[in-house]
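Only one chain is included here, represented as structure tokens and corresponding to the form predicted alone.
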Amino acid sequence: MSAILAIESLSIAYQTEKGLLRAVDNVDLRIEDREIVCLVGESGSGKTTVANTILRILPPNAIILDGRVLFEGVDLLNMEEEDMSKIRGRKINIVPQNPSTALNPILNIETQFCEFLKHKKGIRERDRCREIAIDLLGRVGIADPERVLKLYPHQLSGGMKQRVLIAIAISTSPRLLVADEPTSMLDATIQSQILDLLLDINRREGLSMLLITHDLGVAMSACNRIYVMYAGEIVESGSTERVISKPLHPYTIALIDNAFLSFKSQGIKRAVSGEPPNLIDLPSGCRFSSRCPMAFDKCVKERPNLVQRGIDSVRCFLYHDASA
């Protein structure tokens, strides 16, 4: 397989009134052709910043400190905006976290679909647009697409809105789909249906996917490989099977415990104990050390490097002296 996306040494900061907030720090991530990769971590860990960097939709106070984002071998960060706009929404599309805010409340679904197709595919004929929209809405599991096209967002359930957004996202036959917490605003039953839909699209359309989630349970059911992110850093990566069955980093272990506790207690989650570090005033040692039950003196004083163990990686002193 060849990589469709390769993020190399990416570092992103935000300029704030209190100082420079390092949201993403030296992140490497790779997605192969037709692969589903999960980026997992708590809220505030930097996952959405990675997604927004890929799409080049960072806010004005964001600063790209270092790194490259290679899509089909071309660095998106060096592109002129005119060229980037030909990739964004065409070759790379996003499924947003909150379907209710992503759709325009004053336009019906047909108008929104046709506006997107007009701008991204140059399709101006209303009948042709309707034909494409009806076909795509049917392909994402909407039973009566002709009726739905006439409806407004407030007339649709959360799951239906997300299906509409997924249909719009695949309408340009993208190579890469970035799904940013696409199930977090939905109830458990609908979450499962949307995940199944995304898996089916991956198989049927042959596109690659970056699935961003805070829930390792979601990652376990959907992804080929997992990157675990904490306080702006990748702390572990590997195949989904290995990460779930034999996690290495203490933070990954805590996330897995949380996922299985949630399953056993009908959705009641507990937070990983303690608080994440201040990204404006980062500690000199391991960023997880204050919350880690396995931490020792070195963890507080020194920052661990990302250690390769075969095709996997882990950022933890417990593995610095172990052979790969």
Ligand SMILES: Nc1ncnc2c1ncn2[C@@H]1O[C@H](COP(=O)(O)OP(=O)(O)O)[C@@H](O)[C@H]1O
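A quick note: this is a predicted structure, and the numbers were derived from the prediction, not measured. Start at 1 and count along the sequence shown; that's the residue number.
A second form of this protein, the form predicted in complex with the ligand, is not displayed here; the remarks below concern that form.
Of the residues given (S11, N305, Q308, T16), T16 alone sits with a heavy atom within 4.5 Å of the ligand in the predicted bound form. Heavy atoms of every residue among A23, T48 and L279 are located within 4.5 Å of the ligand in the predicted bound form. With a 4.5 Å cutoff on heavy atoms, E35 does not count as touching the ligand in the predicted bound form; it lies far away. Put simply, P283 is far from the ligand in the predicted bound form: not one heavy atom of it is within 4.5 Å. Looking at G274, you'd find every heavy atom of it more than 4.5 angstroms from the ligand in the predicted bound form.
Although the partner is absent here, P293 lies well away from the ligand in the predicted bound form, with no heavy atom inside 4.5 Å.
Here the chain stands alone, but in the predicted bound form its contact with the ligand, taken as any heavy atom within 4.5 Å, falls in 53 to 61 among 53 to 61, 284 to 292, 66 to 74, 25 to 33.
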